[in-house]
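Just one chain is shown here, as structure tokens, and it is the form predicted alone.
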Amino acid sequence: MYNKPANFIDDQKVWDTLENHQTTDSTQIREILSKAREMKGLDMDDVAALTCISDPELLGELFNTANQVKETIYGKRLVLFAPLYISNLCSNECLYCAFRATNKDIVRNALTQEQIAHEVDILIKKGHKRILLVAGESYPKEGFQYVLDSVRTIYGVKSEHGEIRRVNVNVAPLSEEEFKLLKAEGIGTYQIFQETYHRETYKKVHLGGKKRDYNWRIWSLHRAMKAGIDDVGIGVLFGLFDYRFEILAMMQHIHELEAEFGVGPHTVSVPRLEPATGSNLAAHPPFPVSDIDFRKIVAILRLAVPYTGIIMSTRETAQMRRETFALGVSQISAGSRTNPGGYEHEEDEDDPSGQFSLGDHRPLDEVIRDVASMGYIPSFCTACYRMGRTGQDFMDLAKPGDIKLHCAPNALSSFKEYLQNFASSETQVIGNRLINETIAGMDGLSRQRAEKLVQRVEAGRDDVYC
């Protein structure tokens, strides 16, 4: 069932919608922004109209509205995670990626389970609690079992003040039976990017390997959700094709998941094409996305799918990441490496075996200090996943705003745990001040829970949440 032509991606409807919204009418835009403040999402016509905004005053209103919606739903929280590349073996020929099969300019490596455990131990001792497991679309002789074993290895590493509490996974599309096996290992979110929804472009940039099959890839989230993985993540590699087409096609994908399963993606990622070893295409994006358009993308997605997490990776510079926090980003990676074994050899910041070039090379503690100095709470919380608040259950709490009674206190306690066990003295000063100021500004049940959880961490307890 889930490998037939993906008719829910209707190219002609996307083009027709864009054609009908070629000019910006300030009255119409303000009506859409007013609708967006109701936090019930936007339709394709609304999104198409917002992509046309160029007037500085209307851009400011778009950005301000995105900020209002983001802070109403998420408050001043930013969830942090680290990607863990376990292998750069790949059988695909994707012209934008350093891992492509025929690229001779990188060193191939698939970490052993012992090496994976060592990388995880390094990340835990920095303070990380969430990992995104990433692998090229080919595995060692163990086949898919290699991924299952790797998830088990990650969860099995313990240290004095920590362990990885949530493993999210970004690997090749799987069969429904394989997804069931992945779920049985206790993963959090399964994440996969279509890269581009434009079929002709997809064909041009994927020249070999199973990834050439557009339909097998785009139906993967249906198979994952059918297998019981109710938190899934999607994304587009902006720069391969017209970003306006990509956003509207992504909206079609989201609406299809909502219609089929009652809930859309848990996260949306917004990577821009960045240089990659051995890739001329990556160095010269066919449809480069300007910084202002990139900010628009983040803001529009926040308004279009208000309760979906938006992920910003270290592809972007520190400054761009800072600017997008207020526009809708709710999750960020930090201290990232994109090559297998990269955390053991992190002094080599520009290892050519990475999947792409990084824009933000700062270590975790520096990122946290910067985030906290801006007034954002760095959160390492994994409570929702462990309490079963995923998929539709999460949305049932998020949409009326009840999830904040859990998220705000849990963010503060997990941040306090980081400060107490891992932070530099400078970060401790900034972070503890922010925690105190934040609790002072809370009231009711949320404040009671926050005070109680933070006090328990101060008394020496780790991993406390509600």
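Small disclaimer: the values here were computed from a predicted structure and weren't measured. Residue positions are given as counts along the sequence shown, with the first one as 1.
FYI, the form predicted in complex with a small molecule isn't displayed, but the following is about it.
The stretch that touches the small molecule in the predicted complex, counting heavy atoms within 4.5 Å, is 185 to 193, out of 360 to 368, 284 to 292, 157 to 165, 185 to 193.
Contact annotation: E137 falls within 4.5 Å of the small molecule in the predicted complex, judged by heavy atom distances. When the small molecule is considered in the predicted complex, Y85 lines it closely, a heavy atom lying within 4.5 Å. Interface membership of N170, defined by any non-hydrogen atom within 4.5 Å of the small molecule in the predicted complex, is confirmed. In the predicted complex, R244 stays away from the small molecule, with no heavy atom inside 4.5 Å. In the predicted complex, no residue of the candidate spot (K70, K76 and K129) has a heavy atom lying within 4.5 Å of the small molecule.
Exactly one listed residue, out of T324, Q355, S220, T308, brings a non-hydrogen atom to within 4.5 Å of the small molecule in the predicted complex: Q355. Proximity to the small molecule in the predicted complex, defined as a heavy atom within 4.5 Å, singles out one entry of L237, V329, V120, L303, which is L237.
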